[in-house]
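Read the single chain below, which is given as C-alpha cells and is the form predicted on its own.
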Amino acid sequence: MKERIKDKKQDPKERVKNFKEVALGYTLQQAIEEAERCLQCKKAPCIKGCPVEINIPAFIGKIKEGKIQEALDIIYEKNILPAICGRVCPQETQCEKACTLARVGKPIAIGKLERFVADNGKQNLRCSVDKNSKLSGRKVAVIGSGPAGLTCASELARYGIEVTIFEALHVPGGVLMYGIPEFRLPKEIVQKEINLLKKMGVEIKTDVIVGRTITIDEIFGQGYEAIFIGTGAGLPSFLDIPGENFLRVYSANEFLTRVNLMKGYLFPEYDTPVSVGEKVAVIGGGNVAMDSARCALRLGAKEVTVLYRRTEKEMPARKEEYENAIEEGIKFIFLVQPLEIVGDEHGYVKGIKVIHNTLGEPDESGRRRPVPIEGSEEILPFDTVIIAIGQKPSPLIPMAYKKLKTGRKGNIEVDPETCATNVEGIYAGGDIATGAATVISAMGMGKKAAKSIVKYLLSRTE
C-alpha cells in the first residue's frame, strides 16, 4: 500500500518570524499521486462523513485524471467554500475518519486534495445555480456572515432567492476573519470565496448589528419572508478566578480579533498594537489555544506555554495544529488547573497559581475528569495570560428578541432536522444553535436550514 503523500511546510525557524501560510499545499504531481491511493469505494463512507455531503470519490477521481476544473465543479455542487474547508476542517474526525483506508493504514488526504483543487481551479458559477421560477425574487435575510450564514446564503441563492446578509463587523467572514490566524487561513482566500457569493447575487451589508441598529421585526417589515440566524459563538468564557482583571490578561476572542481582523500582526502598518510580554501562558487545549499560542510567538514572545488541565491524549485541538505548535517551540504543561492570576503592584500579570491534577473517571464529555492533587499548588511565572477555554453563543439577538426559545447555555433552540426555531419563518444554525463547534458542522447546518427555508417559501405560494 502506498504511503500517504505529505505536503511541504514552511521551516519552523522561518515561519515563527512571519504570518505567512504554514502548509504550502500539494503540487499537481503530489495531488495525482495521493488521488491514485483512493479505492473509489462503491458505498463511499467518506461522503456520509462529510457534513455537506461532497461527492468525494468523484472529485478525487477527476484529480487522478488530471481534470482539476472538473474536480472543482463537483465540489461546488455541494460546497462553495472549498479553499476554506480544505484548510481548516477537521477532516481527520469526519470524512477521513470514515475513509476505508483508515482501517488498514492512512486515509486519503481529502482535505489537502480539496484545498489543491480550490487553489488551482477556476471559480465557476454555472455549477452553483439551480433557479426555481417560484422562488425567483423572494427575499430572505441571513444574520451573520460566518460559515453557517455564508453556506445558507449560497444555497438559497442557487434557487434565485434574493439574499441579504447582515453582518455586525466591518468585513464579512465571521470567525473565518476574526478567529483564525493568517498562517492557517489567509484572509485573501476567505475574501475570494465570499466574492463568489456576491457574484451569485448575494448582498452583504456590513456594520449592521441586528438587535441594536435594526430589529428582527423591522427586517420582516422590509419584505423578507424568512430569516436565518448564524451569529456564532462570540462570547468569551472565563475561569472565574481571582486576578482575571490584571493587565495583559486576554480572552482568546479579544486577542485573536486584535491580531487577525484588526491586523495587529502588521503593526505599525496598521495601528493596532497588541501588548505581549516575554513569557506568555495560554490556558486551554483546543484549536483556539493553539492559534493564540502561535500568534503570541510570532508577535515577539520569547517563551509561550500552553497550560491544560488534562493530558495530551484528551486535547481537543487538531493533531496537525498541535504538532505545528511543538515544531515552533511552544511548550506544554499538562495536568494543571489555574487557581489565581497573580499581579504586581502596577496591576500587571506576574504569574499564575496552579494546582496539579490527576485523571479520574470520565465526565459527560467522555474524557477523564481532572482531579486536583491536594498540596500540589505552585506559582508559575508569566507576564501575559490568554484564556482560551471556549466560547458561548452570541447573546445579542436572543436578548433583543425575546420570542426566541433558548437553551440553558444561551443557544437558540432549533429542530435538529429543519433548523427551525419556535418562531415561524426564523431558522438558526452553527455555533449560535450548538455552541462552539467546527466550521464544517456550521456549514452543514446552514445547508440544512436553506433546504427548510426553500420548503417554507414554496409552502407559502400554494
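Worth saying up front: this structure is predicted, and the values here are computed from it rather than measured. All residue numbers refer to positions in the sequence shown, first residue = 1.
As for the form predicted in complex with a small molecule, it is not shown, yet the points below apply to it.
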Response to the item:
Only one of 242-250, 357-365, 264-272, 227-235 sits within 4.5 Å of the small molecule in the model of the complex by heavy atom distance, namely 227-235
Worksheet item: Of the options Q337, S154, T384, Q391, which one has a non-hydrogen atom that comes within 4.5 Å of the small molecule in the model of the complex?
Response: Q391
Worksheet item: If you check Y348, F332, Y178, F220 against the small molecule in the model of the complex, which one has a heavy atom within 4.5 Å?
Response: Y178
Discussion item. Residue-level contact is defined here as any heavy atom of the residue lying within 4.5 Å of the small molecule in the model of the complex; does V414 satisfy this criterion?
Written reply: no
Item to complete: Answer with yes or no whether R318 is in contact with the small molecule in the model of the complex, where contact means some heavy atom within 4.5 Å.
Response: yes
Discussion item. Taking any heavy atom pair closer than or equal to 4.5 Å as contact, tell me whether I63 reaches the small molecule in the model of the complex.
Written reply: no
Item to complete: Could you confirm whether A442 comes within 4.5 Å of the small molecule in the model of the complex, counting heavy atoms only?
Response: yes
